[in-house]
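In structure tokens, one chain follows: the form predicted on its own.
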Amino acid sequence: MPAIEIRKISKKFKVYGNEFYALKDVSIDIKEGEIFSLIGPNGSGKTTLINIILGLLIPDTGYVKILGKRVEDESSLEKMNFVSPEERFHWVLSANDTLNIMGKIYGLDRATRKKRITGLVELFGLGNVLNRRFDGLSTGEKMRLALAKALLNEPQILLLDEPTLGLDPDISIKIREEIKRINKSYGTTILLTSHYMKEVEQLADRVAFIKNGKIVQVGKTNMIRKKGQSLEEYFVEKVEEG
């Protein structure tokens, strides 16, 4: 059973009275425990697909299943979490308060919250910022806090939308290391979107290229490299095709 089963998803939007397909007949299976990357140019449909997986958008046709359950079943959402560089927490709350409040939202009792927060603080090296307000954290610290938050409910599936966008190179390296550790330590299935092809090469087991709302190709990352192309060369080639 796939961790995420996407079948014939289509979604239209209307702009200035004209309809267009943001997604058209998209079908993908994402295996349990793998890191799967979705790449494509801006406006290709990546964010629309993420929002449909999260249940924030309803597709016109098709369906998504999370671990065998339709995404409309709210229990399927309890098995997921999401991280984005646009994620913001209340500016006046400390990192510790943020994690405790999110733990309550996820329905964790006090003892469970304390245990999980302690483990995640150690995992992401947040001990020295626990009592600092969110607006006083660096960009990298905010992203590590977001990753810690996303693991509080011990999700089986983690959606990462451009997790290193705008980060300094050294911080990006650390975040990629954490993503690998999450995948290996927890067996978490990860769906990653990124414009950084080197990042995708380093992290992803498989990659799907999406363009104009359609899946152009799905393949193992190492198989693309074996053809003599880097992912960046492959990406540029697909963008330049008609």
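For the two forms, the rigid core is made up of the largest set of C-alpha atoms that agree within 1.5 Å on superposition. Start at 1 and count along the sequence shown; that's the residue number. Note that the coordinates shown come from a computational prediction; the quantities given were computed from them, not determined experimentally.
The form predicted in complex with a small molecule is left out here; the points below concern that form.
Just one of D97, E78, E162, E141 comes within 4.5 Å of the small molecule in the predicted complex, counting any heavy atom, and that one is E162. A residue is said to contact a partner when one of its heavy atoms sits within 4.5 Å of a partner heavy atom; N183 fails this definition for the small molecule in the predicted complex, lying far away.
Contact annotation: P41 falls within 4.5 Å of the small molecule in the predicted complex, judged by heavy atom distances. In the predicted complex, the small molecule stays beyond 4.5 Å of every heavy atom belonging to R176. Among residues of the shown chain, Q202 is not one whose heavy atoms approach the small molecule to within 4.5 Å in the predicted complex.
With the partner left out here, the small molecule still marks one of 25-33, 43-51, 59-67, 183-191 in the predicted complex; by a 4.5 Å heavy atom cut-off that stretch is 43-51. Superposition on the rigid core between this form and the one not shown places the CA atom of E86 2 Å or more away from its counterpart.
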